[in-house]
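Below sits a lone chain in structure tokens, taken as the form predicted alone.
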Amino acid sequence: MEYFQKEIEIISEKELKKIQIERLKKIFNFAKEKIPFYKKLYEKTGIKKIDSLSDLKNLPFTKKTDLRDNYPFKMFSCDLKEVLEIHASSGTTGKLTVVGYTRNDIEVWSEVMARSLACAGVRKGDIIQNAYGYGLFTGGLGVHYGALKLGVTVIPISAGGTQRQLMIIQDFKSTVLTCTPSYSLYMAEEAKEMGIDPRKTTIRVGILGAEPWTEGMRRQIEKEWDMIALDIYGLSEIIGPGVAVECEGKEGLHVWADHFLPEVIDPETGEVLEEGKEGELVLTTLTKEALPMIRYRTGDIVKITNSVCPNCKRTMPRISKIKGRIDDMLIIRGINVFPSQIETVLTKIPEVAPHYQIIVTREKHLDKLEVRVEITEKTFSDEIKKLEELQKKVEREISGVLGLSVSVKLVEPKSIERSMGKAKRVIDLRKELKEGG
């Protein structure tokens, strides 16, 4: 087993907690002193100091809206002349979520990404085809910095230009593909149209993230590419990619907890949940300078375990694959629905492709859920009766999992829009209907 920083990655629980409390005290005092938002927040709650890790649960949460309310730079701890890099993510409100990095932040980012790549099996001699977007999105540069730190070759191709991507995979003999899981499937589709068998390329590992994806989609991707597909997790507010990653054992994502302190809370009450309980992931940055985040609510639904990884023996805590996001969760007739539940069903039915859209409308004051599902090329040529049977089968399977009735519409292959980045799975028309009527 190879590590990038073995002394940290297999650190004892006692030593890890010692590092965490030292850094937590420091970042709490730093944020309170340097950032008016935190100064006001902690004065309001009357919290003056941190003595132990258990004190963390007494601190109020930070949310994405806090960043938007302090747009663009009021959450920064330092003058802009100390900020070497600025990134931003778009939001539904139109306001960007702006993040900044000092020189030390870039070094930390490079370090945790190098750990992540090594944990996912990247070695000297590998060629990383980095198909995450560069620019304001953190994905591209995050992988890039990690590759440079690890000392492996990186092709900064960015997202899109799929035919060129495939040509470069063939000509440059790329061995590692980094992109969103949905884009990796789209690339496999395009490869076949070009007469290229993706299974026969030199790609051996995919490090895929930026959107939730299921085990069923993993199996589909691994089948299409004949590679190992591993999940990577991050968010721009915390640092970008490199917060956590799977090793080849695929038994949870290793959180680099010397830099990012994780908690799992009940999203309704805010109460910290015990190990193994499903809830919302909350992260505290322990070393971030330009934009420290204390108890940041990620909106991502996970479980956490502190046991040693049986595969790679790393001792850092592990989170499960993201089940979904709080803001992606749909409430249909009082029932909580996650897109991942529907995806899991679809990936088990060979006659349909793992490309779908969920359309939510309201008729006569009742929510209606329609799932548009692409059929495969082979199924497309089937007679009408067989397609009707397939439609009913998909409806039964999804309805059985969700516990509510669902309307399924089978659509032609490649008729659902593909994305070079995060796939848009849900179209909720209820708000539009309410505004219009």
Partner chain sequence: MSIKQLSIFLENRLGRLNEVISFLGKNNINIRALSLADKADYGILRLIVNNKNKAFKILKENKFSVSETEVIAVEVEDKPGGLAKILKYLVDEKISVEYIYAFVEKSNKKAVVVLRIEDIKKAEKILKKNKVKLLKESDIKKL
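Residue numbers count along the first chain shown, from 1. Note that the structure is a prediction, hence the values are computed from the model and not measured.
Below, we turn to the form predicted together with the partner chain, even though it does not appear here.
Contact between G421 and the partner chain in the model of the complex is not found at the 4.5 Å heavy atom cutoff. For K44, no non-hydrogen atom is located within 4.5 Å of the partner chain in the model of the complex, even though that partner is not displayed. For K49, no non-hydrogen atom is located within 4.5 Å of the partner chain in the model of the complex, even though that partner is not displayed. In the model of the complex, the partner chain sits within 4.5 Å of a heavy atom of Q391.
When the partner chain is considered in the model of the complex, only one residue from R396, K39, K57, K409 comes within 4.5 Å through any heavy atom, namely K409.
Exactly one listed residue, out of E248, E193, D266, E222, brings a non-hydrogen atom to within 4.5 Å of the partner chain in the model of the complex: E193. Listed stretches are 26-34, 64-72, 398-406, 379-387; the contact stretch with the partner chain in the model of the complex is 379-387, by a heavy atom cutoff of 4.5 Å.
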